[in-house]
Ligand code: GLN
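One chain follows as structure tokens, the form predicted on its own.
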Amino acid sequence: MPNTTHMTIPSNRVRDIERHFHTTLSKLYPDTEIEAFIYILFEAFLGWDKVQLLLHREGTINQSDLLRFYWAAEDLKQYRPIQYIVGYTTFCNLRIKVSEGVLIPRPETEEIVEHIKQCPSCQPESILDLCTGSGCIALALASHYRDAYVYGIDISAEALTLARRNALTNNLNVSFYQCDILHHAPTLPHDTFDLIVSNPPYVCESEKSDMLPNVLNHEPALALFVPDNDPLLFYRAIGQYAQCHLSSDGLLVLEINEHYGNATCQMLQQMGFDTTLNKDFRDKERSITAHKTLKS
């Protein structure tokens, strides 16, 4: 139980709680982000949308809920991500549970999933998500390709526990397996896949100095970092696996480090793939789509 002896608790009036967040966090976050935090917390803690928040602005909340808001503000002062505070995020219209043991899904990854779904030639019957984490990619694809067999692989038992909970919460049929793709090929009911997708660790250790504290200090290093001397570590292993387990007309889709797009493409081309480098909504090179090269 946190020590509340020296806490400065704001009034339990909704308007004063909002003011407390702005006062407490104004030197750390822009006003627009603080407003977003407030909306997210009132929805998560009290089930209020923006209209209900506006209507209740002159009202009050009970002491138990007030403490939850206080500790949320304290967590935000330490740059703890809002998604970990409320315990979930939204990804491709799915509610995905998250905790410090999994990477928080990004809009860039959501964009990659949408790109796959809009590809008319991609109608997979079997899908494999490598380095699945929270399971967000696998679950989003399972939601769209309802008749496909979908599998998710990760090295982390903690992540897989959360991914299975997300499958149950969203009533989606995805099978999750623990495996270290760097050292072992997973043993799965399917041997080949029409779609292999992955958002593997790709941030170099030397890039830590460029990262925000909410990521660096709270999200799992296991899901983020690769050594500077081998930044394509995971892509090499995934490419080698796809050489044997991607169907002849299948699709390989990878989220990538923006600084290594060409290098990753060249490596995959040497493995026998045709590659396309794609930019995200920020105009950064963010993903690669690849097919096996047709042999003459």
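Don't overthink the numbering: it's just position in the shown sequence, from 1. What you are looking at is a predicted structure, and each value in this text was computed from that prediction instead of being measured.
Unshown form predicted together with glutamine (GLN); subsequent notes refer to it.
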Worksheet item: With the partner left out of view, is residue 200 within 4.5 angstroms of glutamine (GLN) in the model of the complex by any non-hydrogen atom?
Response: yes
Worksheet item: For residue 223, is any heavy atom within 4.5 Å of glutamine (GLN) in the model of the complex, or not?
Response: yes
Discussion item. If we define contact as a non-hydrogen atom of the residue within 4.5 angstroms of the partner, is residue 179 a contact of glutamine (GLN) in the model of the complex?
Written reply: no
Worksheet item: Is residue 215 a contact residue for glutamine (GLN) in the model of the complex, using a 4.5 Å heavy atom cut-off?
Response: yes
Practice prompt. Choose one stretch from 158 to 166, 120 to 128, 99 to 107, 79 to 87: the one whose residues place a heavy atom within 4.5 angstroms of glutamine (GLN) in the model of the complex.
Written response: 99 to 107
